[in-house]
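Laid out below as structure tokens are two forms of one and the same protein chain, each shown alone and named structure 1 and structure 2.
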Structure 1
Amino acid sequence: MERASIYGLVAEFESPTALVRAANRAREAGYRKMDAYSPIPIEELHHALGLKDTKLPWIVLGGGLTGAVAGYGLQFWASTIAYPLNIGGRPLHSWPSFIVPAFETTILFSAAAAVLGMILLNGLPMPYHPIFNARRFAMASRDRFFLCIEAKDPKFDQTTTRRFLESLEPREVTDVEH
């Protein structure tokens, strides 16, 4: 298949319900390379778009475990090996007092892994994206809901896909230039 002349077709909807319904219909019709744009998070879209579970939780888990080991290890090393000081007659390896900082580093590393992982998995930073060429796309951050079927989808055909999107009763369907 030669490179399509456009990036895809985008349909504009006026409610989140209409968007979820449209995405479900598109998935059932066999479309896979599509994305939805909405000013608010919509939990159901994940299933409607046929998205796979993200790898992010595993990245966060890895970050958290690293933080726990690093935080505890740092304290253990500092108090028993590097600077062994007698504090109040307590053992050098006083584990109860290590728990709280180790917990804090667990949270810190998890949160950092979540933010960085999210940015990287989303493909950010991304200086250019064709969807912004769509007329009225700025409304996606206000009160409109968009479903874009991309030209790289094997089922994509400029005429039939446009007809399909129009059958979903959108406000309008527009081409998205590269």
Structure 2
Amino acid sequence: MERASIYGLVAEFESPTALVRAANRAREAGYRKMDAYSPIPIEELHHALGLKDTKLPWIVLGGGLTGAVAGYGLQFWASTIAYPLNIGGRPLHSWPSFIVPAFETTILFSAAAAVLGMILLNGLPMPYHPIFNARRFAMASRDRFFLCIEAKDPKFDQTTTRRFLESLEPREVTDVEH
């Protein structure tokens, strides 16, 4: 029952170095369901948390290829099938004139895929997250760094995990309630 009542435990650190060190140690200790919160981007944190590479580049590539095919296909269809006009004896399928608009639709579809993919992969919109219930979490957007180990982690035990987090020398360890 204790597991269901809390979302996890969060430790507050004063520096990015301490946060990365804590995330590395938590990963080495076998914790996998954890997240870190920081007011600045930290390059090493991605690897310290053991996060997998994102699927976003593949989504953007798919959007770009779709845009290229759609842009070129629309021009081909309009020029050769729907409205074939013989102007000056030029061929109906004049591919050099189709390149620039096809490139533009490639960029348009890639950008749209990037935005929509990022929103979906980040789980947005998320108007509520349990971490907002943590005391002092508002400091995460100013000058504090937080590491949260979630209760759904297979290794999570509230007392053992609390002792582990306290051994990392954080400023404070608090429960995060649902």
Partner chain sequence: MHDATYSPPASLDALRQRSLVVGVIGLLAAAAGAFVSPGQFFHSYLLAYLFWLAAALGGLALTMLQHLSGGGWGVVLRRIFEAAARTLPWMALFFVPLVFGLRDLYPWTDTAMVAQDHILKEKALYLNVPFFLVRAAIYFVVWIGLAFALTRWSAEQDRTGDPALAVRMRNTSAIGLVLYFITMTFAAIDWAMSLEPHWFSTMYGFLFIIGHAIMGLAIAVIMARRLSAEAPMSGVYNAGHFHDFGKLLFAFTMVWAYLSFSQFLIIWSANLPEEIPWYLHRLNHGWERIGIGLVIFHFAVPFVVLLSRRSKRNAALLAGMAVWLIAARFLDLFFMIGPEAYPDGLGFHWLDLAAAIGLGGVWVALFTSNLKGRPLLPLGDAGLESALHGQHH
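Everything quoted here is computed from the prediction, not taken from an experiment. So that the term is clear: the rigid core is the largest set of C-alpha atoms that superpose within 1.5 Å between two forms. Structure 1 provides the reference sequence; residues are numbered from 1 along it.
**Student:** Please match the form predicted on its own to structure 1 or structure 2.
**Tutor:** Answer is structure 2, the other one does not fit.
**Student:** Once everything's superposed on the core, is residue 131 shifted 2 Å or more at the Cα between structures 1 and 2?
**Tutor:** Shift of 2 Å or more: no.
**Student:** Once you overlay the rigid core, does the Cα of residue 70 travel 2 Å or further between structures 1 and 2?
**Tutor:** Yes, because once the rigid core is superposed, the C-alpha of residue 70 moves 2 Å or more between structures 1 and 2.
**Student:** Please state how many degrees the smaller rigid part turns against the larger between structures 1 and 2.
**Tutor:** Turning angle of the smaller rigid part: 10 degrees.
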